[in-house]
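We begin with a single chain expressed as structure tokens, specifically the form predicted alone.
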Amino acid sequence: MPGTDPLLLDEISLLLVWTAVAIYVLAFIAYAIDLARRSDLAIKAKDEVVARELVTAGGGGVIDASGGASASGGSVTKPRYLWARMGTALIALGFLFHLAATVLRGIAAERVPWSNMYEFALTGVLLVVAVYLVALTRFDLRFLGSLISGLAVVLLGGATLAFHVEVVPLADPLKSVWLVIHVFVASLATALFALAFGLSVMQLLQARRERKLAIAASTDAAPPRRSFLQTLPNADALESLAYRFAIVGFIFWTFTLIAGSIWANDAWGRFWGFDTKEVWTFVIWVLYAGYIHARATRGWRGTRSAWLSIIGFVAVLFNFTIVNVFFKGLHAYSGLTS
């Protein structure tokens, strides 16, 4: 944008980032309230169905929730999760501010906004939220809203506080079309891994609840306390969905590994050099390959495969934070001064 001060654009971008963070906090609160109220709403909806069935048995028709009559009897009324809807609206609004902040950073830098750790976080978290919103159009994943919005607050807010640097020219090795392709695909894979991570966490919680229910049923013990988990799919369904997101993310990560090798050959004259960043990228690939193999092998389904999914995402975060900050090498593009 000719004639525009890059520093001014970056200041506006920062203001938009903090606005997005504030909205993500509100989304987190709304989603948290939703989880706290879910079990009560589910029980209320179930009680309404029982009341309708009783009225039908008496031959008086079915009374709907608004007090009117319904011709159908005993149909299941889905609870209306108002706070979840509010959380979704807020996280979508936060995404728009976040997107504007990212675009302005790119305009200020006159390049794609992912050449240092702050910009990696800016774009990466944006894609996490984007993938979540897109996934909502096909799956009801609003129960992951607290985790996704919480991640957005911690990662985006933390990166802005710790990693923000002024706009600077690209380092020579980054002046390549592979910067656009390699980093974007890696960020997209990370976003898919984040959703798989959230689903794997919920899978572990649901599996624990299901074990308690089974024990209570076989021993006449008291069942576990009501929680939002009773409104979620069962552990097997959560595991299957996590696997689907992870396998797509794994495909993108495989491309990331290949593209990185091609870029390394263009920049440094070798495909592989055991640089710390290269090694950790391969470690992450091995972890998710192991997870996918474990999920495909009947003996490793369930809790053990879920832990592999979680460990894989922790390795991704380790690669972004610890490796970038504390391990020096050819990939030292954090933008932070030593």
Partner chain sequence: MTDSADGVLRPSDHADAAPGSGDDIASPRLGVVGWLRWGWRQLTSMRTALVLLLLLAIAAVPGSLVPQRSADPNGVTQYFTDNPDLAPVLENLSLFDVYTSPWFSAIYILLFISLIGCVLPRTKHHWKALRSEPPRTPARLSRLDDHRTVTVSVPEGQDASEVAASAVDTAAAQLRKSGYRVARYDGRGTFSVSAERGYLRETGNLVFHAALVGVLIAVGVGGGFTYTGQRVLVEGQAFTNSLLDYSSFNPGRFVDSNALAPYSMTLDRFDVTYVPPGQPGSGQAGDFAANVTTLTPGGERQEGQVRVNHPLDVQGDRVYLLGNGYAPTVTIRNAEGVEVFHDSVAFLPQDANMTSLGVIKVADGMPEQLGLIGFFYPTMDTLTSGALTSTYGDLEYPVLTLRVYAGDLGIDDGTPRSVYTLDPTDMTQIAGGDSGTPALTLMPGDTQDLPNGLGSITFENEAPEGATGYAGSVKRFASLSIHRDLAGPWVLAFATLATLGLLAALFVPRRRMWVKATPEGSAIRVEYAGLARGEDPTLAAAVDQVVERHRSSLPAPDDQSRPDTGKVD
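Small disclaimer: the values here were computed from a predicted structure and weren't measured. Numbering follows the first chain given and starts at 1.
One more form of this protein should be noted, the form predicted in complex with its partner chain, which is absent from this view; the next part is about it.
Q.
I'd like to check something about A237: if you look in the predicted bound form, is any of its heavy atoms closer than or equal to 4.5 Å to a heavy atom of its partner chain?
A. Close contact is absent here: in the predicted bound form, A237 is far from its partner chain, nothing within 4.5 Å, heavy atoms only.
Q: Answer for Y243 alone: is it within 4.5 Å of its partner chain in the predicted bound form, judged on heavy atom distances?
A: It does: once its partner chain is placed as it appears in the predicted bound form, Y243 has a heavy atom within 4.5 Å of it.
Q) So in the predicted bound form, does any heavy atom of K175 sit within 4.5 Å of its partner chain? A) Yes, K175 lies within 4.5 Å of its partner chain in the predicted bound form.
Q. Going by a heavy atom distance of 4.5 Å, is F271 a contact of its partner chain in the predicted bound form?
A. Yes, contact at 4.5 Å.
Q) Tell me, which of L127, V167, I107, A159 has a heavy atom within 4.5 angstroms of its partner chain in the predicted bound form? A) Selected residue: V167.
(Q) Between I215, V103, I247, L136, only one gets a heavy atom within 4.5 angstroms of its partner chain in the predicted bound form; which residue is that? (A) Comparing distances to its partner chain in the predicted bound form, the residue within 4.5 Å is I247.
Q.
Can you tell me which of 263-271, 111-119, 203-211, 84-92 lies within 4.5 Å of its partner chain in the predicted bound form, counting heavy atoms only?
A. Heavy-atom contact with the partner occurs in 263-271.
Q: At a 4.5 angstroms cut-off on non-hydrogen atoms, which residues of 110-137 are near its partner chain in the predicted bound form? List them in order.
A: Read in sequence order, no residue approaches its partner chain (within 4.5 Å, in the predicted bound form).
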